[in-house]
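First, one chain by itself: the form predicted alone, in structure tokens.
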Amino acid sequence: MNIVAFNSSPRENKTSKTELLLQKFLEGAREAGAATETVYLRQYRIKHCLGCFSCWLQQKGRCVHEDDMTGELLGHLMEADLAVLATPLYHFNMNARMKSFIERTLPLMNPISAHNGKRLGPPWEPKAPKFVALSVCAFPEDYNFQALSMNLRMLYGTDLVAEIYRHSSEFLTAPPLQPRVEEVLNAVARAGSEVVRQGHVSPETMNVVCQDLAPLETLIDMANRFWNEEMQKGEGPAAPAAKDEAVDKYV
């Protein structure tokens, strides 16, 4: 299996929690025998879709834009057996860079619909990859991913074989929480292996991935204390997880 992951986080890899989970997932996939590649969308020029439908009408299968999406990224996508769409949660959905990337995949889609409203499939290529969604958010509850999940399920239907969503992500580097964090990260790696071996992630693995790192009230209180302190100082924020002394109060 050839897996290509598209990471839309603007953060550098050493601070990105999207990258942290993504590489754990890919680690597990490689252990199961897959070849993996990571594409960082922040390094590419992706112009906005114009909605001109030239890719359906005049230049079948090719966008009018001559940028990195047309020249390279669509090729990466169509070479994959499995594409991982990794995005941080911004305003309860994928971030703008991932949205632009997905909108520019329009040349691969078929405008002709069946009676039930379902697209008939990509007309210009012999195959399309399966998809995995991966996202993180600092908020402490899973329901924050509902809009993102609905969006991706509408886009990819049964081709979306797994969704890996991790709340409370800014606490993943908090030293006092590391025993629980290690369980989560190991489960994310196991999810990567399971997708390769069996085509989906088991409910047992997902329960570990999504487990709370601490009681909800504790996480909310820790986050609120952090932001109140930072706003009083008026400085640029460090990650909440770096505030070990705040975590120590509760763990």
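All residue numbers refer to positions in the sequence shown, first residue = 1. Computed from a predicted model, the values in this text were never measured in an experiment.
Keep in mind the form predicted in complex with a small molecule is missing from the figure; the text below concerns it.
This chain appears without its partner; in the predicted complex, the one residue of Pro129, Pro176, Pro107, Pro88 with a heavy atom within 4.5 Å of the small molecule is Pro88. Only one listed stretch (177-185, 99-107, 162-170, 73-81) carries heavy atoms within 4.5 Å of the small molecule in the predicted complex, and that stretch is 162-170. Looking at Ala138, you'd find a heavy atom of it within 4.5 angstroms of the small molecule in the predicted complex. In the predicted complex, no heavy atom of Lys24 sits within 4.5 Å of the small molecule.
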